[in-house]
Each structure stands twice: as C-alpha cells, then as structure tokens.
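In structure tokens, one chain follows: the form predicted alone.
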Amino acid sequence: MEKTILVLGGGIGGIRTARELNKQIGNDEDVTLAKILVFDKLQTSLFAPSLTWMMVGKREMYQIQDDLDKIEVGGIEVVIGDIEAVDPNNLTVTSGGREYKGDYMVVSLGAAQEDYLKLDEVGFNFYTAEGASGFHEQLKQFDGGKIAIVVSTLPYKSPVAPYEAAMLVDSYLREKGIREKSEITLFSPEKAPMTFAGEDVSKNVLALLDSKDINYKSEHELVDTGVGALSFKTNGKKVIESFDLMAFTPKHVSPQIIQKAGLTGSTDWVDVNEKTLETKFPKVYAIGDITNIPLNEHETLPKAGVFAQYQAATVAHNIVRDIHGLQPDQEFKPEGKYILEQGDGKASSVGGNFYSSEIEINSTSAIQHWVKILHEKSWFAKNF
C-alpha cells in the first residue's frame, strides 16, 4: 500500500526532508512508491542565509529564492496555501479547506516572525527579503551617522546573522569612504556573542567586532522604540540610544497553528527526542527552528539551517526504514559549521559538536567566504 508523508514547510528543512525521502524511498518519474506532500503558504522558497548579503547590495531578490513547484519530482507534490489545521493524533493537515491524511508527518515550519514594540515603523527587519532590501536602499543614501543593529528578543534564529550584518555594513561603509563619519553599534540582550558556542568563541567574535570599531552592547533588553531612538533596560537602568538607520531581528515565536495542535511544550517550542527528532506523537517528527533541544542547563541548540538539513536527513532515513518494516537506526548528531561573513571577501567558520561543546572558530580567510558562496549555489543547483 502506498504511504503518504506530510511535510509541513517548504524552507531549507522541509525541502531537504522531501528530497531525501524521495531518493531513499526509490521514487522515480514513472514509479511512485510513496507520496510526499510539501505544504507551504508561499509559492517561492527563500534561502535566508543570503539575506545579510542583500542588506549591503551583494544579492538581488531573484538570486536568493526560487519556485517551490520545481521540487516536484518523483513522488513530491507541493500544496500552496495557508495551513488551517494540524492534527498530530490522526496525522492530518487541512489546507485550502481540504484535509490531507498521512502515515507520517514532519513539521518544519520554522519560527514565525512577529513585530515587536512597533520596530517595523522605525527600522528594517533584515530577516525578510523586503526588510533587507529596504535597509540597503536607505544605506545607499546614508552619508554618515549612527547605525544600529538590534537583537530585539531571545531566542532568535541564525545566531551569526546580527554579527555578520554589522561587519558587512562596516565593509560597505569603508568601500563608500564614509566609515570615519559613521558609528555602528550592535545591541543585544545576550551576555556575550553566541554563548552557546562557549567562552572562546564569544571572545573571538568580540575581538573581531573590536578590530572593526563596531560597538557591542550586551545585556541590553529592548523596552521601547521611537523615531530615531531606542530604549533599553540594562543593569537595572533605562538608557536611551539614538540612531539614524536601524536593522533588527524580529520576535521569533512558534507558529500559532502548531501551538493549537498541542505540539509545543513548556517552552512554547516543539520538544523532540534529541536523537530521533520524534515528538510526543507517534510518527510525527519536528526539525529545524521550531524545535527545542537543550544542550545544557542554560543553552539550547541554535536555530539554524545547517542543523535543519542534518535533522532532515536523519528523519528521512528513519521513516524509510520504518516503511520497510526495519528498525530506525540513525541518530541526529549536531555537528556542523556556521560561516561568519566579515566583509572584504573574507569569512571564518564556527562549528564542531554542539552536544559536547567542542566548538571552535577558525581564522579569517577568503576560502571560507567562497565556501559560503558555494553553499548558496549548490543549494539551488541540487534542489530546484
């Protein structure tokens, strides 16, 4: 009997899941051994790691997104429209007024974005293509002053992005010849950059920011916004910081449809088995930014596309084993690397085993910059 797998989300994790399932099941153009339905509200899929390049004019919209219909090969079908209901008990998804029944479900909807303190009215959300592009339009007209990069709330996905954005803006202003007339400040409620990666990585990132004369203000909790001014709470005091141009991370939350389905836990994110990625519902898995996977008592696994891809491969492998009546035998290992762009055609990587805290940051080089470009190009070449 033909099986049906429901994949919720057409981003990095969802696409990788569908592709891996299709290949491992053995679907072909003329033979469909299992149906793989991919649900997304948008017709296009965005490659979010390239948004920081868009902020400084290194990418255009057409270069970092593609049509989801292009992934329809073998047994993969794309369903476009709002997801109206998810029932993990009965393995059903409702979209466009139609209910779809599956034998397995993989939730990869990512973190939803919400406006916070009306930030959209005074700055640019660089976690969207529109926000990153809008920031660049203003940056082109910028002739000096204060630029603020603001981490609005915790947790947030793509944890290298604010630091990458600040350094790319620094490079842009130097190329434009107005860096000496400008001030760049990164505000964050974190105690230090990327604390999940350990003290050595935090110190290295701080040194990078300092070498570029980028101000870093930690433990700054955003409490109010206004035109040209931001209010923070820090060390029990309220401080007001002015700016001329500002980009921010949005508030990241678990999608309402997933909360209503009863998939979220005490953290409002989806709790999963850290090895198999299975939720509390049998045959229902969750991967990527939507999950909550503790690393230790204080930190959780970062919300990043690199882990979503590895999780997708693990889940696909185990589902296919289960379909064939075999015991699932693959475990997710959180070993991966981020590429931290620094401008001037250079970058470094941050990575290792995140369960063991064996995480390092390597030296800055042009090679790592090209590695990131290759990741972007190969993503589209392999999937669309």
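Just count from 1 along the sequence shown to find any residue number. In this text the structure is predicted, and so the values were computed from the model without any measurement.
Not on display, but discussed next: the form predicted together with a small molecule.
Counting only heavy atoms and a 4.5 Å cutoff, which of 237 to 245, 276 to 284, 296 to 304, 192 to 200 contacts the small molecule in the predicted complex? That would be 296 to 304.
Could you confirm whether Ala48 comes within 4.5 Å of the small molecule in the predicted complex, counting heavy atoms only? Result yes; Ala48 sits at the interface with the small molecule in the predicted complex.
Is Ala148 a contact residue for the small molecule in the predicted complex, using a 4.5 Å heavy atom cut-off? Judged by the heavy-atom cut-off of 4.5 Å, Ala148 is well away from the small molecule in the predicted complex.
Contact of Ala166 with the small molecule in the predicted complex (heavy atom, 4.5 Å): Ala166: no, not in contact with the small molecule in the predicted complex.
Verify the contact flag for Gly81: yes if a non-hydrogen atom of it lies within 4.5 Å of a non-hydrogen atom of the small molecule in the predicted complex, no if not. Answer yes; at least one heavy atom of Gly81 falls within 4.5 Å of the small molecule in the predicted complex.
Select from the listed residues Ala308, Leu263, Leu230, Val272 the one whose heavy atoms reach within 4.5 Å of the small molecule in the predicted complex. By the 4.5 Å heavy-atom cutoff, the listed residue in contact is Ala308.
In the predicted complex, the residue from Ile323, Met61, Leu33, Leu42 that sits within 4.5 Å of the small molecule by heavy atoms: Filtering the options by heavy-atom distance leaves Leu42.
Does the small molecule, in the predicted complex, lie within 4.5 angstroms of each residue among Ile12, Ala161 and Ile339, using heavy atoms as the measure? Judged in the predicted complex, Ile12, Ala161 and Ile339 all sit within 4.5 Å of the small molecule.
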